[in-house]
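This document starts with one chain, in the form predicted alone, laid out as structure tokens.
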């Protein structure tokens, strides 16, 4: 075979002046962030013995109060499913207002997108604290926090999904004089429905992960058991909670992956 016909691996191009300065700025930003985050080689090297001590004291996981922990995990799933369901349902009308060129003008689109951005910018634990103040301690506050967080997640992606649909059917209906709401209901939403299903399943997975730690701030679920375990140095119970959370989260993710493949095919 002629050596000239061989495909050689691509090489990095030598950066220009602006590119080199950009690399220097990025490297400086990373080093500055490591300094601010308290990066310490000594503390990192001293951590393995401490981790080994923790695992030796936490293993084997505790089987005491297993029934109570199981019910707390069930409560966690209830918080996640209820909050995600409410959030997904409310996300659709909000997404219709956020999607450009679907239902309303660009001014409303911009305002709704800013609101969705604000919702996503606030962490779930912060929303949980807000609702603990508003409605009191317990799973109801956690459910509301999950619902708001899901609206921020699904509302944005639902809007993007509608914007990315094939414009042909919508343009054909527009040419017949159909109203915007009729076009959205008859062309845009049906075309975006497979993407809605995918986003909703991701939203549910996100809700399950978030709900496992809401108990840290009194918003119900198994998170409070994890906090109490560490506060009381009951590491075997804490390890049991960690394993339960891992099993449930991984299980929900696998179920979601199977459902996405069954409902909308392997492409998404």
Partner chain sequence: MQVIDLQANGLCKRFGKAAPVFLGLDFSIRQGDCVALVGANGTGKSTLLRCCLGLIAPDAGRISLLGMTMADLGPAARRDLRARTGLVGQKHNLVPRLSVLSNVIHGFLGRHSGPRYWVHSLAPAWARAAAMTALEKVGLADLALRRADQLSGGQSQRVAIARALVCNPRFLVADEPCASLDPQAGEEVMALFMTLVKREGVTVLFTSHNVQHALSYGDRILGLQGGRIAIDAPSADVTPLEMAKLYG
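Computed from a predicted model, the values in this text were never measured in an experiment. Residue numbers count along the first chain shown, from 1.
There is another form of the same protein, the form predicted in complex with its partner chain; it is not shown, and what comes next is about it.
Proximity of residue 123 to its partner chain in the predicted complex: non-hydrogen atoms within 4.5 Å are absent; the residue sits far from the partner.
For residue 169, a non-hydrogen atom is located within 4.5 Å of its partner chain in the predicted complex, even though that partner is not displayed. Looking at residue 133, you'd find every heavy atom of it more than 4.5 angstroms from its partner chain in the predicted complex.
Proximity of residue 190 to its partner chain in the predicted complex falls within the 4.5 Å heavy atom cutoff. Only one of 138-146, 172-180, 153-161, 112-120 lies within 4.5 Å of its partner chain in the predicted complex by heavy atoms, and it is 172-180. The partner is absent here, but in the predicted complex a heavy atom of 185, alone among 185, 108, 89, 74, sits within 4.5 Å of its partner chain.
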